[in-house]
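Only one chain is included here, represented as structure tokens and corresponding to the form predicted alone.
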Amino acid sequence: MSEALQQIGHLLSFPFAMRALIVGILIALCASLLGVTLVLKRMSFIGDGLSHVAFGALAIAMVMQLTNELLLVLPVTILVAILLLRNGRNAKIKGDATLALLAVGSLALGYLIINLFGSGGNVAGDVCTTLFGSTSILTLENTDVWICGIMAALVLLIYVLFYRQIFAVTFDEDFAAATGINTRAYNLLIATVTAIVIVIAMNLVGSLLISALVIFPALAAMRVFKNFKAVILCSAVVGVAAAFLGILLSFMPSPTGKAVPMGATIVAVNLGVFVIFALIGLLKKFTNK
């Protein structure tokens, strides 16, 4: 154990590992804060749907050989997020069905495009790393860290400045609109920030696992707390702690000697934390009877 800890300490002395740790924590913080609102609005799987849309846009960007793939991926993902959150209640195809259509359709089209028109020789490897997290998290630049830092500061600022409005829009949009709150504007804000977080998080856990960063911390906090503010704070702490532990565990050597996938490790830690919080919630329920 001490040898493993020494190895982790040695790894963290390298800038690439420290950058990966900082970016992972910042992304987890943003996703866990947004997750509370999305889960309570019954849009928890928007992360899954948008990540698949981003995968499809990424496939097109790869085929077009764009120097900066975000120039296509980010606008497309933001547009779809806005359409989902703005028109979900009035659409002929309801929110969950729309998400399912987008998720499956975008994933299939993205894979088809990469196979038919991709120029890389290792299509299966490229797709696998995009879906389950890639090693690009270990090749981050200082610019990426600054982008994540600005994004995290923006999300925190939104929740501090507009806490009352977000609370109202989260629980009862009709009542919020009746009190004079511009619900469309706040849904637009939530959708835009969610899309940005998801696109950036693709490098950390991959397209298929992003929704775990959104859902698990929020659900874990809800097992123990019922107050909105307490749930938000607990979700943030859980998300950051799980990301921190998951990244550290991925740096440790596995019993088989193979590399430990960072994205899957973070999700596994989140799952374990959720189980612990669920047991604590059950214990509290029985003790209060």
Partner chain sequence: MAQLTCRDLKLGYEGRVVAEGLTFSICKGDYLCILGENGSGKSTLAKTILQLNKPLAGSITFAEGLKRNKIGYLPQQTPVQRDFPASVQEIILSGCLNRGGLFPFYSRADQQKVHKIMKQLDIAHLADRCYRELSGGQQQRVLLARALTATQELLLLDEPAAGLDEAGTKELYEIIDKINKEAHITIIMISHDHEAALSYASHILHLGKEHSFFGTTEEYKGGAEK
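Numbering follows the first chain given and starts at 1. From a predicted model like this one, the values you see are computed outputs, not experimental measurements.
What comes next is about the form predicted together with its partner chain, which is not displayed.
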item	value
Its partner chain in the predicted bound form: contacting segment from 23-31, 237-245, 49-57, 218-226, heavy atom within 4.5 Å	218-226
Leu72, heavy atom within 4.5 angstroms of its partner chain in the predicted bound form	no
Interface membership of Met262, its partner chain in the predicted bound form, 4.5 Å heavy atom rule	no
Non-hydrogen atom contact Phe171 with its partner chain in the predicted bound form at 4.5 angstroms	yes
4.5 Å heavy atom contact, Leu40 and its partner chain in the predicted bound form	yes
Selected contact from Leu116, Ala178, Ile150, Leu79, since only one has a non-hydrogen atom within 4.5 angstroms of its partner chain in the predicted bound form	Ala178
Within 154-170, the residues that have a heavy atom no more than 4.5 Å from its partner chain in the predicted bound form	Val160, Leu161, Tyr163, Arg164, Gln165, Phe167, Ala168, Thr170
